[in-house]
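One chain follows as structure tokens, the form predicted on its own.
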Amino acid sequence: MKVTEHIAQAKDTLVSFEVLPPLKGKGIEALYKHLDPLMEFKPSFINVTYHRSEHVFKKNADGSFQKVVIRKRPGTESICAAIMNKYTVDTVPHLICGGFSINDTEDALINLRYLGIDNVLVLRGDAAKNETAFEPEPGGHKYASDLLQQVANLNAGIYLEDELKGTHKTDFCIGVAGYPEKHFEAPNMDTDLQYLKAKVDAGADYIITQMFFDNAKFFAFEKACREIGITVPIIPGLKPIYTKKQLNVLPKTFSIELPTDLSNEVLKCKTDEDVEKVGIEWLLAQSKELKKAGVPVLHYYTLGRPLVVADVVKNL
């Protein structure tokens, strides 16, 4: 079932979660352990992130170096299939530009469709760890808008091989990312919003936002989107704060601001257990206000802290 269908049929604000595939060497049980405490809330869908392979150089016995590709987490196809099989819940695999050629992307989309997956979240993805700026895979997409166009083409039955006849049209519901505090590479908010509108005009069905901790920024973003003609559902992305370290890590990693009231409360904490309590209270207050405002879905980034998110959702 598509994300947009869930939203259209809902009588109240829905809940969804985002998870990481387990690290290589961990069994699927590690993911089930993460999800089990969240499933009582009957999420409408679960997003599964994708992390591109890393390149490292290993020294050979003769002193030369060999470039080795290391993949630390499995791909989303198998993880989504495992989640759907165990919990009978819809999944949304992340589809990124980095590490994929256009042929790899087409193959991945065909595999996802064979698995009965109706949704994808289209992202450019981050730069590789050894790169200072994003570099596309040879023969791959440079921008999320180009990747989105490939998915839209496949939905129209347009494959990379022109000679194919009587092609099957896929029917993916396409999500894209939005940034209430603008993407860090965009020169300004207006430009970022125009990029987002271009994705919607090209076929994006809904928007999920980057995490934010100030609801006023989300409401301003939503208003600005509507004013330039973006009419698709906008889903707020939410994350708990649970360590003092995050006061520095989150703004640096995600180019976001933490409200003064939140940072002041965290700085008063003596332990990370105290920080977690502050984070739960803050996230619950955010969630209640957003739900009251009628957002279609509350989307929680659960990465590493499913029980914290469970405490919040339980109190909703």
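It should be emphasised that the depicted structure is a prediction, and the values quoted were computed from it without experimental measurement. Counting begins at 1, following the sequence as shown.
What comes next is about the form predicted together with a small molecule, which does not appear here.
- Of the candidate stretches 100-108, 79-87, 186-194, 155-163, only 186-194 has residues whose heavy atoms lie within 4.5 Å of the small molecule in the model of the complex.
- No member of the trio Lys2, Phe45 and Gly203 reaches the small molecule in the model of the complex with any non-hydrogen atom inside 4.5 Å.
- Out of the listed residues Leu112, Leu238, Ala144, Cys173, Ala144 is the one that sits within 4.5 Å of the small molecule in the model of the complex by at least one heavy atom.
- Of the listed positions (Ile117, Val151, Ile208, Cys225), a single one reaches within 4.5 angstroms of the small molecule by any non-hydrogen atom in the model of the complex, namely Ile208.
- Proximity of Asp126 to the small molecule in the model of the complex falls within the 4.5 Å heavy atom cutoff.
- Heavy atoms of Phe213 never reach within 4.5 Å of the small molecule in the model of the complex, leaving it off the interface.
- Although the partner is absent here, Ser287 lies well away from the small molecule in the model of the complex, with no heavy atom inside 4.5 Å.
- Using a 4.5 angstroms threshold between heavy atoms, Ile230 stays clear of the small molecule in the model of the complex.
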